[in-house]
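Encoded as structure tokens, the following chain is the form predicted on its own, with no partner shown.
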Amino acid sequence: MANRKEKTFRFIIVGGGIAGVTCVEQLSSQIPSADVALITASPHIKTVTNYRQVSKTLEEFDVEEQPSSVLEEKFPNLTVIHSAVKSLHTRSHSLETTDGRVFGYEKLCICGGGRPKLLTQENPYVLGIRDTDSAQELQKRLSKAKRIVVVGNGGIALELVYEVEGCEVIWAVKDKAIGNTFFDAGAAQFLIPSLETNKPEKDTPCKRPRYTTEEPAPGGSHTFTADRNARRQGSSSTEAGSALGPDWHEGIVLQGSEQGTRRVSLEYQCEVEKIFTSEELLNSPPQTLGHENVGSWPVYIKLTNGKTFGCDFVVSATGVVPNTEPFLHGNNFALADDGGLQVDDHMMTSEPDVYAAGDVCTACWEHSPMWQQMRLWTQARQMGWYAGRCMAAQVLSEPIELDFCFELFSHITKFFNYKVVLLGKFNGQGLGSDHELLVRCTKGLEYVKVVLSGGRMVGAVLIGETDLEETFENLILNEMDLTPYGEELLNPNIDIEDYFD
């Protein structure tokens, strides 16, 4: 293996998603003379644009899909290699691409992203939403559909169910409430009425550029925005096709074959037991069917709550798993329980000179009490940036501290047309019974929830235009004792910002 190396680079980064590209930019600007290679299976890379620091830890940015030549023009030291990785050999510090080339590295960063957890492989009636191609396929199929079943409770499922019109939607969620990755049952109750009313007319064209599913003109770019879908899926290094961005449904018409408004029925606390065609259904033991006759739908889905529904097709939107596949064989990576590559507080894996960032890795250092990992756009950018800093610091023999962005979990997104801000232990994660909640809710306008532990604010969920994010962020970071304020903390007649300036 070692003697076939075509070239040895000082740094190799695998994966053209946000984590990989941010890592490349960081390394190239820190050590402009170093030979850097980016290995990516997709002809397009994802870059961060319009980056805006909203507060100490909150950030907003757009994600643009651009040809990789844009990056090469910016950094003369960079070589982009268009291929997937076939195998990695950490002992000889080399990796082989699927087109048979072998490259050596001094330091490697794996940013392989995540791949979708599909309900079932190879079923023509199950569509996994992952990339722009599958979004187009969805649009095509939906135009002929009268009823679909959506399975999943993450960002993409939430978006999809809200956007689909002219088609009945049966939404199967495994939890007691919708969107429980992002918020609690109270917030879910606040949002549910949005599914029952008609969507607001799109009165003004959106100010920010949208991503469409047409191929961009040569040299043009696809645009998504990072404040939209909280869950996102990294482009896997084994299959081409770039991950869906936030705003993925903009510019595609999610319109079914029926006239009229949305009809969404929710099935809670259930998962998929079995998926079968009408032929298989006829030849199986009798099922508790809804009102439909057997054979009137191409596919039937049986849920663990005992109900069986017929539909035109099933959408699998059940999240991602770390895409570690091509890297494990023959190496000794320590893996976390969720299947991610374990990384320490310098983004290093258990193999020497190998780093990882983004969805493919799992943060295994002792976390700040207010931070947790979620596989989101924002964290992919932060991890890629910090991994680049750490790799450069090691080469330059400089000390480096764990970045401040890992002090407090923070995320801005949008669901059902409401701005959503999540801070700290926003769902009381890991606090056991030792916490109390304060909630203020104005129907159709805003939902504010604060998590307190030992008299201090440790988390918050803000839905709507509350303008409280910066104040609450400061209260969490300063660990101020709020006991004297009690319920007054959320009194709408008190301008809380004035209190804590």
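Numbers for residues come from their place in the sequence shown, where the first is 1. Quick caveat, the model's predicted, so the values are computed rather than measured.
One more form of this protein exists, namely the form predicted together with a small molecule; it is left out here, but the text below deals with it.
Shown without its partner, this chain lists A317, V161, L142, V354 as candidates; in the model of the complex, only A317 has a non-hydrogen atom within 4.5 angstroms of the small molecule.
Contact with the small molecule in the model of the complex, defined as a heavy atom within 4.5 Å, holds for exactly one of G256, G154, G340, G310, namely G154.
Taking the partner from elsewhere, L88 is found to have every heavy atom lying beyond 4.5 Å of the small molecule in the model of the complex.
With a 4.5 Å cutoff on heavy atoms, L119 counts as touching the small molecule in the model of the complex. Using a 4.5 Å cutoff between non-hydrogen atoms, H93 does not count as a contact of the small molecule in the model of the complex. Among residues of the shown chain, K174 is one whose heavy atoms approach the small molecule to within 4.5 Å in the model of the complex.
For the three marked residues, K425, H435 and F472, no heavy atom of any sits within 4.5 Å of the small molecule in the model of the complex. Partner proximity in the model of the complex, defined as non-hydrogen atoms within 4.5 angstroms of the small molecule, places exactly one of 71-79, 99-107, 345-353, 178-186 at the interface: 178-186.
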